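As structure tokens, one chain now follows by itself in the form predicted alone.
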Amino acid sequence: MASAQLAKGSTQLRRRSLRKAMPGYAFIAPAFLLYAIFFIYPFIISIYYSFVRWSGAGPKEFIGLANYQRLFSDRLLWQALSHNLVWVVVGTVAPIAIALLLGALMWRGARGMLVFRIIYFLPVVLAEVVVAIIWNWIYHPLFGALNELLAAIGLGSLTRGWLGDPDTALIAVLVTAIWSYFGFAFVIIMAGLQDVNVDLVEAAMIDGANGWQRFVHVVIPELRHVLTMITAFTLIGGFNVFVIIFIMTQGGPGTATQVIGTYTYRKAFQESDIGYGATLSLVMTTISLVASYLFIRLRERSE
């Protein structure tokens, strides 16, 4: 009898808890539905497509792990991955270094700081398509601003078709990406600098540390969580980069700027190799997650 009453009480308690939780479930349901439609379902269907051969029309042929085996002998994939690695390293270090330098210069209340924040953050507000079109004009071989500037200062020998030269195309697009992104890192770092313990900085000054030593050994460690967040975010973006390269070069000239994102698009939508394209997209996702996880774990261990 007692056990029956206990079970009944437990059931009533669960029902009461469920009624209290219903408003919360109702609030998160729309967001979860969108997340399921636009992330979970495409992710699951991509896994399925990676095991089939399909051109986008007609029947699908199940081929098991053949698409994954094909990855190891795909020379263009490894070339694209090398470009991604260059993008990740340079595209992570450069904007964060620029943002740190500007943050250090403006940290102690430089005049017009609000104006500078707006100016530096403005490229972040622009859509990537707009940024790519603007820099396409700047790099134009005939009337681009960059070549005209070089010619005006007596460096006409350096003028070239920046996006049409395999030796400069990747760096040119990378410069564009850094210009459009460092403002984001700058604003986040400036917010983090407001929480830096000024007493530690002053104590280091009293101990005889110069400006560089105070910045490296006091300020940067105080910003470790902010820098971890920015770096992880940038790492994911570096492996998933697509729009700015596709608009500016479409992976060319040749394959000089081909990255995994543009290579996946080429295989899936230009060559109608849906199965292999899905496999490449999963590779891109896996690399992004693993790189971010390892970086965050290493950072936590170092602390």
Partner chain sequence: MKRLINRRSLFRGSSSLMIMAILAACGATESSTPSTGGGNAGGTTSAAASPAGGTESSPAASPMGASTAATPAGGAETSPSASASPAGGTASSPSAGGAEGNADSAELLLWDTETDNTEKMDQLIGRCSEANPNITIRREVQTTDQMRNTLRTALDAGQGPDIFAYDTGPGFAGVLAKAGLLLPLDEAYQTYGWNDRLFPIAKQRTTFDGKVYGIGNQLEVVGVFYNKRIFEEQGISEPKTHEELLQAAQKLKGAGVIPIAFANQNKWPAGHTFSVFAGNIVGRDKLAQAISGEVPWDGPEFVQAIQIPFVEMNQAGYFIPDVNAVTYDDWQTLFTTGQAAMSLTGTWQISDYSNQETMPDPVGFFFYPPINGQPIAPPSGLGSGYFVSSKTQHPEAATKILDCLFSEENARFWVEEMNQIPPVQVDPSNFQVTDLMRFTLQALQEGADTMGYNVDVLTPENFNTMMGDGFQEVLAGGKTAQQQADDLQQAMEEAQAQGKVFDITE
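The shown structure was predicted, so the numbers you read here are calculated from the model rather than taken from an experiment. Residue numbers count along the first chain shown, from 1.
Heads up, the form predicted in complex with its partner chain isn't pictured, but that's what we're talking about next.
Only one segment in the set 227-235, 177-185, 164-172, 90-98 has residues whose heavy atoms sit within 4.5 Å of its partner chain in the model of the complex; it is 164-172. I45 is the sole member of A36, L65, I45, I28 with a non-hydrogen atom within 4.5 Å of its partner chain in the model of the complex. In terms of contact with its partner chain in the model of the complex, the residue from L155, L142, I118, V216 that brings a heavy atom within 4.5 Å is L142. Against its partner chain in the model of the complex, the set F51, A80 and S292 makes no contact: no member has a heavy atom within 4.5 Å. Shown alone here, A191 lies farther than 4.5 Å from its partner chain in the model of the complex, counting heavy atoms only. Heavy atoms of S272 reach within 4.5 Å of its partner chain in the model of the complex, making it an interface residue. In the model of the complex, no heavy atom of V125 sits within 4.5 Å of its partner chain. Contact between L149 and its partner chain in the model of the complex is not found at the 4.5 Å heavy atom cutoff.
Along 50-65, a non-hydrogen atom within 4.5 Å of its partner chain in the model of the complex is carried by W54, S55, G56, A57, G58, K60, in order along the sequence.
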